[in-house]
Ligand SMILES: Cc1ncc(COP(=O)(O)O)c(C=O)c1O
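Taking the form predicted alone, here's one chain by itself in structure tokens.
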């Protein structure tokens, strides 16, 4: 290959990197030396010649040569030329270095995090993606108006700065008021911590409350995101069966350090924790000094009767609080808002503020301010009323469609609320039927993946909230083809 063409190829290799012409030339020559394409003591073209070959100005080439000389890549001598000074490696030397290089390794905690699997949600409302709200029904125009009003207000510029790790006071006040009225919590704004997600809450609590080998009771089946957070902290996970009254506390054995619960609407079975079991667990927490995490992930969407008050509000007022309450706006508003909250005993606020500050600082100020306005001005309550009506109709439609079209092999389970239903499959058929559903363009999250122990049940979690009636009917029609 002729020399001008060779130089042109080296130069063009860096042309797509968004660099200036001088930096492109410097980068291409550095790479050529590192790869052994230019060897030590090899003479480079004169700046005038290289400038002509690459259609550059001589000033640009001279500047690049001077930069590389300053970095130690070139040696220049008046009257003699410019020479490669970098002692690159031969291909044999590079292979030898790779062979002896230490392999990439994760910490034990990192390995546990990866082993737990990711908690990714689908970015599009595919049928039957579980846990997705209907974003098409969200009042975007109202939200846009509130946001513009905040930004254009006298304090709008302050929303662009750093915020309180615990969350904006006005949003914490709005959340505490909503929870006292709708869920019966005993709390005030000082006990509220605004976070990015409920998963972040679980990670924070696992970091602060659990040591290696601590025992954690998990609902079986249950939410894998919680299991991943606790396992990553080195906890010993003990799956506890769920029946029609919720989690069944073991009659004997060592007490746990922490119990994770979804008492209002167990995930994924949909049953509610009975009053007797609630009192039993509160008594256990008092006697053993363990923590109860109450994940109230979709309590806003209860369709049949009134939901039971939150477990947190059942604690004796004069006793130290042992219940840590979690909630999120991802389902009630929209997922990309990235706002959730935690209500904790007062003695945990200070350590949680510190832990939050070193993790990601704070939640977005503008999103917090607009959410506070959305709640305080009554838009949140109105939106929830509309969504409950909408989602209840869609749940009924899905149940009717399943019964009439695929009732022979798919058995939907009773559920008083939520954004998805659990449907049982014939034993041993989950993998085969899931693969066939995927080929028909259906997303059917599996039930067996929510079990920690060896005994599993085959089934699907079928989301309906994000689907229009026509989309539900079309999706069930596809199911019927299996």
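Computed from a predicted model, the values in this text were never measured in an experiment. Numbering follows the first chain given and starts at 1.
Quick note: we don't show the form predicted together with the named molecule, though the next part is all about it.
Here the marked residues 197, 260 and 330 all reach the named molecule in the predicted bound form, each with a heavy atom within 4.5 angstroms. Note on the partner interface in the predicted bound form: the residue among 338, 142, 186, 150 having a heavy atom within 4.5 angstroms of the named molecule is 338. In terms of contact with the named molecule in the predicted bound form, the residue from 301, 267, 325, 380 that brings a heavy atom within 4.5 Å is 267. The closest non-hydrogen atom of residue 73 lies beyond 4.5 Å of the named molecule in the predicted bound form. By the criterion of a heavy atom within 4.5 Å, residue 297 is counted among the residues contacting the named molecule in the predicted bound form. Though the partner is left out of this view, residue 391 does not reach within 4.5 Å of the named molecule in the predicted bound form, counting heavy atoms only.
When the named molecule is considered in the predicted bound form, residue 223 lines it closely, a heavy atom lying within 4.5 Å. Heavy atoms within 4.5 Å of the named molecule in the predicted bound form are found in one stretch of 285 to 293, 399 to 407, 168 to 176, 198 to 206, which is 198 to 206.
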